[in-house]
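Only one chain comes next, encoded as structure tokens, the form predicted alone.
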Amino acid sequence: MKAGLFVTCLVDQFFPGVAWASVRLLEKAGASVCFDPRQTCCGQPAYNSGFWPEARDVGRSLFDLFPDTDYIVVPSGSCAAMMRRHLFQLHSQAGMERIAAFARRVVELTDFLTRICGRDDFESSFVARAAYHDSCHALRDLQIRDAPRRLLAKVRGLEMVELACADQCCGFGGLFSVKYPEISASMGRDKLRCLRETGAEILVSSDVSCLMHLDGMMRKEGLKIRTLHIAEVLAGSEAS
């Protein structure tokens, strides 16, 4: 089974360790991984800003990057949702067949590992008390809730505690946090209040965008809780 890795902009520019952790997991799950360095963005920033022609051009560039892969694996519910669902709104009926064929191959990382590969135990260990944050796109657009929890439940030494507001938005929302910073910060503080109540030492998510936003807020408030992408925990790429 050949899997093309789409690393996402934020992973590429700020969190490259997540990409390497994803590769290790995919190979351990039995997939042959390929990566095309020509890849850039899924088009979501332009799409959310109303620049649909520009987003369409970016989205069109994705089609030729994975010509012979069985799946296109994305370590982000946000970008995976854009590539699976929202690309359809950018193109005419004439291109729907090609888009549909492309979208069917796009799978978020934790969904791919559990549903496609049938793996939920990577024999990893991480001694800590952790809480999991559901990103909006993974939970609402892709209906992914159980997969990451199944994977984390098998990590040796990891004590998982459920956030009271696990399904609430962290307030990032891409450009939402730029356009409406006061609302964004208020939503982030709500999330941090729930996080404090758990006594968690690390916050885990499948989207680095949420983690980046919450990590910045925690640093500002002096809250010493680490943020880690789920791939980093599962691949053992961070010391416990």
Partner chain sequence: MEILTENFAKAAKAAVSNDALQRAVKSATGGLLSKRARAVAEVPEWESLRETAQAIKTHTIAHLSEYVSRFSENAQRRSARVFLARDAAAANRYVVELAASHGVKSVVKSKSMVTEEIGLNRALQREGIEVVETDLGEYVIQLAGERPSHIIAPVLHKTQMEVAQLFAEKLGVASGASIESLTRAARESLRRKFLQAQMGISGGNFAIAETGSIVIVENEGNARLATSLPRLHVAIIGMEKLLPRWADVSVFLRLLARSATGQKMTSYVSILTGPKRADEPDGPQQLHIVLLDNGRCAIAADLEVREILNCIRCGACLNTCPVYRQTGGHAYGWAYPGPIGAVFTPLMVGLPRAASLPFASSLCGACESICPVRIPIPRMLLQLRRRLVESEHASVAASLAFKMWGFAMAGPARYRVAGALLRRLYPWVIRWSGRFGLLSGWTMFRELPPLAPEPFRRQWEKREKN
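Every value quoted in this text rests on a predicted model; they were computed, and no experiment measured them. Residue numbers count along the first chain shown, from 1.
Same protein, other form: the form predicted in complex with its partner chain, not shown, and the subject of what follows.
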query	finding
Interface membership of R219, its partner chain in the predicted complex, 4.5 Å heavy atom rule	yes
Contact test in the predicted complex: R84 vs its partner chain, heavy atoms, 4.5 Å	no
4.5 Å heavy atom contact, E182 and its partner chain in the predicted complex	yes
Exercise: V7 in contact with its partner chain in the predicted complex, heavy atom 4.5 Å	yes
Its partner chain in the predicted complex reached by all of A55, H137 and G173, non-hydrogen atom within 4.5 Å	yes
Heavy atom contact within 4.5 Å of its partner chain in the predicted complex, the stretch among 115-123, 102-110, 146-154, 162-170	162-170
Residue (of E201, E197, D70, D190) lying close to its partner chain in the predicted complex, criterion heavy atoms within 4.5 Å	D190
Sequence-ordered residues of 26-46 touching its partner chain in the predicted complex, heavy atom within 4.5 Å	E27, V33, C34, F35, P37, R38, Q39, T40, C41, G43, P45, A46
